[in-house]
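Shown next as structure tokens: one chain only, the form predicted alone.
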Amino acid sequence: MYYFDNNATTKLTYGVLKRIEEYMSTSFANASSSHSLGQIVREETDEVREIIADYIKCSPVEIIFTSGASESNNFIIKGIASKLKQVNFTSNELPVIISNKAEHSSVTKQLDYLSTIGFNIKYLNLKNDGSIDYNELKELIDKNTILVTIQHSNSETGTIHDIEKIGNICKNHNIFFHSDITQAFKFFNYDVTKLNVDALSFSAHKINGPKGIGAVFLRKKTPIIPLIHGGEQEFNMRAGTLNSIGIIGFGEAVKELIDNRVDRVNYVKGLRDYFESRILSEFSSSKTHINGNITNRMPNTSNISFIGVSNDSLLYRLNKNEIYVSAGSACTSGSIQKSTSLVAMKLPDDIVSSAIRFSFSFENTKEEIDSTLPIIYKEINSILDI
């Protein structure tokens, strides 16, 4: 089995799995309970809150646990937008939210919904490499702009946006700024004060932690309406019994990340560069195209179009060979659709329809690449000969 789909999800490390198993056998109480068993769980989950807060350099009370990045994005965007509209706008005014169409679907579909209930959504144009024009961002901002939501890195191409620059622009215009850092969380050393960001979304399963647990950074005093009402959990911001097992696994994954981040970044970049150099030297350059910003992208991501080869056909054949890759985002219920990111980049249809994403992990090896490339070549040539 060759798994190169780590932007979709990652495998639990042995350390994370072991920590979860140990925790499940000893801790089961509700963190909201007043008895000593519940308080022990509360202390353990608060320790994780502190670990994550230290990693991104914020206060522990600014970390709120969620079920994952999609919930985090919905909580932040709907919550801030609804609160600001309620407080600052009359019924005939439309608050403005600025984003781009290559965001995660939990952002774009949410913005589609908000556009139907009294919000004006403005989208930045993307360059052919997936990057944005920061001057265009300044031009789109007007007196009714309340929020900018731009991801740190694109999951399909790996293209990175300068969120510090965006944060400074928003601060200068007194606009709230949210960034989905789910894909980039494991690659960067964050400092929320330096970034001038008001909210961040991220998730455990992208950093070799468990699924079903994520978090947001929400700067103190940021106006927001809770997405889930009920109990008083998470500083009255997110009702519901804490997923303590998921939180413990999340914390262990972050601890391992802190200890190994630089080595992992250098390693996966080396793998990705080796993979692409082999592809470009051994396959016709006129038949390949690397998508995204080649010099400014996540170190593990390679989005390559094999011109003339339908990506659904190639995915099917690679899957039969137990080579697991993707045609884009993993949020389309297993269906293969045109990449929204590549379409937003205005790339030709032959590039869009033939794009395959390879996303590497520190657990992958050069030997795996050496073993899979002949199979990839064979299947591509087989498709072209049909």
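The first residue of the shown sequence is 1; numbering continues from there. Not measured: the values here are computed from a predicted model.
The form predicted in complex with a small molecule is left out here; the points below concern that form.
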{"property": "Candidate spot Asn73, His104 and Ser203, all three touching the small molecule in the predicted bound form (heavy atom, 4.5 Å)", "result": "yes"}
{"property": "One residue of Asn300, Gln151, Asn303, Asn208 in contact with the small molecule, assessed in the predicted bound form (non-hydrogen atom, 4.5 angstroms)", "result": "Gln151"}
{"property": "Contact assignment for the small molecule in the predicted bound form, among Ala69, Leu342, Val48, Ala327, heavy atom within 4.5 Å", "result": "Ala69"}
{"property": "The small molecule in the predicted bound form: contacting segment from 272-280, 237-245, 110-118, 151-159, heavy atom within 4.5 Å", "result": "151-159"}
{"property": "In the predicted bound form, Asp198 touching the small molecule (heavy atom, 4.5 Å)", "result": "no"}
{"property": "4.5 angstroms heavy atom contact with the small molecule in the predicted bound form for Gln183", "result": "yes"}
